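Just the one chain here, laid out as structure tokens, in the form predicted alone.
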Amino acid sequence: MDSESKPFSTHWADITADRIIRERGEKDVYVCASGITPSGTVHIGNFREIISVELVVRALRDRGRTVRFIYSWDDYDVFRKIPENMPQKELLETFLRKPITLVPDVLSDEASYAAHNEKTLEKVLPEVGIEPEYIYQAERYRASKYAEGMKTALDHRDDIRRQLNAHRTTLLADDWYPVSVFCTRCDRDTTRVTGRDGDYGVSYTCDSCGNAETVDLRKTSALKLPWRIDWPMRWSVEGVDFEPAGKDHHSEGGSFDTAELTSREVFGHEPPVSFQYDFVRIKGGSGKLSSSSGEVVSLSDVLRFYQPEVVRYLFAGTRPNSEFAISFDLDVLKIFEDYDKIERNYYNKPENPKKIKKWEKDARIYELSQVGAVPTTLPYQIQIRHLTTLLQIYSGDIDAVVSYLGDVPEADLERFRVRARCAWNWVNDFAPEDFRFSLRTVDDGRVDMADNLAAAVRTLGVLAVDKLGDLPEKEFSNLMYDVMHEHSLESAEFFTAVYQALIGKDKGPRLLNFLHVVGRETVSGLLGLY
């Protein structure tokens, strides 16, 4: 679609982009930020923040602005709890209260448990078109790159204590310090700051090993800022213009409220433009994504059942402050159908002025749903229900499905294969039992049925030899009903008998279309057994 016909958008990402430009003014580079502690699997709820930022980044870039999109791994946080279903728990227990960047990777062979979680997400994000600049906070803290930020916090500790106490029921004591320390002897944060020399020197004692010493902020790797102070400090260091936060952080008196005060009053930085995003629930997760064992649903899990464009569509098509569910039940089919509909409509702009606003809204959602550039023409489409039928007929052989269809363009072949893999995974893992089927073979033999039903099935088999594939579906349908009446059968019992002969079940896909897809040779062979 050419630039002249690109719609004016009231999409939430565009509204946010306009707000950033308006409130921050014209800049050479706008900084948009996101981040998380890699203390466990980065789940699909965490992904909501990442893609929300990326959608705003796209909106800014669509306006010709240069954007720096940073993603911070808060891997210098404390390892507080061992996640469920982790191996070698006794080993991991010895690393509690240490930085998560020191926790060994007991799941693979990365440098640490934190690195494992980081690399797992970094590997999959490009599949959905997200490639931020990664910042590893452990590296920065250990290299004392935040020494000045920590000194500023220490210089203003009374101000920060006042800001935090305004939203606390248990007040911070007068001897509280706005830094935490990992003991240089045992690496744990079981420490107490005992004093400061008024400059860069900080003294502490460790309650675990008894170590006591004074360290220099400019030379030590032991100190870091607590979350509520670290956040506004990094806004200042990185010059962050936009960063959203979950509704827990945006609640009254939450970490965003205090960070705003600290950012302005201590670090002299105007807090970033922000918005609140809500939770993502999981619907229909009783299959292989079961949560009874404490497992969470990751982006990789979701991509097993949804192609990347459809994953983006789920988030681009929902306002961030609205809670919604990722479905794994039959809703999956509807979500694919909804996406396909807005894709078709994108390439069919209406002339009716009354319909143009709806088209513009959906068109922008479609644009933001694409992993890369928006296709210049309508991509190849296949109804998801039809695709699941074909895959079951061909036992998941995607090449066989492509061969049967015969019209998948080379340019769309990889996208088709991704959709087919998702559809096949869904059939195997989450489709209801009455949705699944497998085609019987001649070697399976006959299914027991009454003689009159067997006779009707046999007659339909003869009809298939002579007519299936040669006649239009409607004409063949009339002949099929003639067979049913010839044998004095009700449609329900006739159809059940045919399904039993073909797939060994009482029900299946729409029979007429199913017969044509299965084909003359297979249908006549199976029905000819009777």
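What you see is a predicted model; the values in this text were computed from it and never measured. Each residue number is its position in the shown sequence, starting from 1.
Missing here is the form predicted in complex with the RNA; even so, the following discussion is about that form.
- Residues within 4.5 angstroms of the RNA in the predicted bound form, judged by any non-hydrogen atom, belong to 251 to 259 and to none of the other stretches in 266 to 274, 121 to 129, 251 to 259, 394 to 402.
- For a residue to qualify, one of its non-hydrogen atoms must sit within 4.5 Å of the RNA in the predicted bound form; all three of 170, 228 and 508 qualify.
- By the criterion of a heavy atom within 4.5 Å, residue 485 is counted among the residues contacting the RNA in the predicted bound form.
- The closest non-hydrogen atom of residue 437 lies within 4.5 Å of the RNA in the predicted bound form.
- Proximity of residue 347 to the RNA in the predicted bound form: non-hydrogen atoms within 4.5 Å are absent; the residue sits far from the partner.
- Using a 4.5 Å cutoff between non-hydrogen atoms, residue 77 counts as a contact of the RNA in the predicted bound form.
- Think of it this way: in the predicted bound form, the RNA has a heavy atom of just one of 29, 492, 471, 462 within 4.5 Å, and the residue is 492.
- With the partner omitted here, the residue from 214, 383, 377, 194 that has a non-hydrogen atom within 4.5 angstroms of the RNA in the predicted bound form is 383.
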